[in-house]
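Here we start with a single chain on its own, the form predicted alone, put down as C-alpha cells.
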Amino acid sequence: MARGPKSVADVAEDRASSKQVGVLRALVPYFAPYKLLVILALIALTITASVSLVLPLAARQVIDGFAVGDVALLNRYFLGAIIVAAIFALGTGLRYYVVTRLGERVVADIRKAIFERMIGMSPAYFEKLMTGEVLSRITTDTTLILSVVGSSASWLLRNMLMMSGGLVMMFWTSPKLTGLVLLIVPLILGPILALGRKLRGLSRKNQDWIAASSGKASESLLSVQTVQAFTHEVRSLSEFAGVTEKAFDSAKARIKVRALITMIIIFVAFSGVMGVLWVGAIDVRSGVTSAGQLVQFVIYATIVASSTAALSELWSELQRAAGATERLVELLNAQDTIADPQNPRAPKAGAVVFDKVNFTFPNRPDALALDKVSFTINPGETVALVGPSGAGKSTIIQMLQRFYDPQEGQISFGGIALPEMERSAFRRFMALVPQDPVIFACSAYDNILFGRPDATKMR
C-alpha cells in the first residue's frame, strides 16, 4: 500500500527543524569531476565583482573633474569606463555560460545517480514509497537544485564579494560614514536569524506536499482503467485537489515569511543608506568631504545594501535547495531489504525448490500470503499453479524472482539459495510472460526485444 499524503506532512513537520543548509555539502562529489569549470566560474565571478567595485572610483574622479574643469582628464576616464564595461560584459557572459553549463551537467549526473539507485530497488521498497513521489524528487527537487547551482549560487558568491569588497572600499572612502552604516547591520541580521528557521521548515513541508501531489496523480493515472471502471473519477479528483491545495497552502505560508524577511531587510538597509546620505550631505556643505567622495561612498553603500538584500533572498533559495538535497540524499542512501551478496555465487540451471516458505507482504504483516509452501520443479517439467484469486499464485512468481524474501523457509534455484546469487544473474535464466503485459513508449520491435536486446532478426 502506498504511503498517503498525511504521513508526508507528518514527516515534514517532524524533520523540518533538523534541516540545515550544510546538507548542500552532499552535492560536492558531483562537482569534483568538473573542477576546471568551477575554477573558470570563480575567475569570471571575481572579475565581474572587481570591475563593479572599480566603477565608483571612476564616478568620483569624473565628478571632481567637472569641478576643476579638466576636460582631458574627463576624456580619459570616459574612455576607461568603456574599457571597464567591455571587461565586465566579457566576465558576465563567461560566468553565465560556465555556471549554467556546470549546473546542467551536475543536475544531469544527480538525476542519473538517483535513477540508477531507484531502478535496482525491489518492489518491497516501493511498498513504502509512492512511485510518483520518487518521480517528483527526480524532477521537481533536481530542478530546484538546478536553479540554485546554475544561478543562485553564483549570485550568492558575487553578492558576498560585492558586500565584503564594498565595505572595504566604504571604510577607505570615509571611516566615519562607514561606522554609521555598520550600526544597521544587527537590524538586518535579526530577521534572517529569527525567521530563517521557520522558513526552512515551511520550505521542506512545501516540497513534501508537492511530492505527495505528484504521487497521488501518478497513482491514479497509472491505474486509470480501474479508476474509470469503478467510476472513481470524482473522488480521485477530490483527493488530488485536496493534496494540491495543501501544497498551495504550504507554499503560501512560505511566501509570506520570505516576503516579510525581504521587506524588513530592504526597508532597514535603504533607510540606513538615506540616513548616512543625509549626514554626508551636511559634511559636503561644510567642506569636510568633496562631492565626488560622497558620491563614491553612496555608490558603495548602495552596492552593500543591495547585496545584503539579495543575500537574504538567495539564502532563502539555498534553504529550499537544502530541503530538496536532503530528500535526494535520502533516495541515494536508501537501504533495500533485498540486497545482493558481497560474494555472489554463479547461478546454474536446475530445480526450483520452495522449502517451507512463509511470507507476508510489508503492508499486510498480519495476513500470510504463503503458509509453509513446499514444492520442487525439476528441469523439463511443466507445472501449473491453480487456485482462486488471492491463493498466492502471483506471489510465488514474485518470490521466485526475488522481488521479496520469505520471512521463513528458503527458495533455491539449481541447488543455490536465491540470496546467495546476484538477482540480475539468476533472473537471466527466466522468461516471464505477465498476465497484464506492459507496453513501453517505444516501437513494437523494441518492446519485443525488451528482455533480450541482443536478439537478431529472423530471416
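Counting begins at 1, following the sequence as shown. Bear in mind the structure is a predicted one, so any value in this text is a computation, not a measurement.
Just so it is clear, the following notes concern the form predicted together with a small molecule, a form of the same protein that is not shown.
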- Task: Check, residue by residue, if 127, 404 and 435 all come within 4.5 Å of the small molecule in the predicted bound form, counting heavy atoms only.
- Result: yes
- Task: Using heavy atoms only and a 4.5 Å cut-off, determine which of 363, 139, 228, 100 is in contact with the small molecule in the predicted bound form.
- Result: 363
- Task: Please pick, from 430, 54, 425, 391, the one residue with any non-hydrogen atom lying within 4.5 angstroms of the small molecule in the predicted bound form.
- Result: 391
- Stretch from 417-425, 391-399, 23-31, 40-48 whose residues place a heavy atom within 4.5 Å of the small molecule in the predicted bound form: 391-399
- Heavy atoms within 4.5 Å of the small molecule in the predicted bound form: does residue 253 have any? no
- Is the gap between residue 318 and the small molecule in the predicted bound form 4.5 Å or less for some heavy atom pair? no
- Message: Can you tell me whether residue 247 touches the small molecule? I mean in the predicted bound form, with a 4.5 angstroms heavy atom cut-off.
- Response: no
- Using heavy atoms and a 4.5 Å limit, would one call residue 369 a contact residue for the small molecule in the predicted bound form? yes
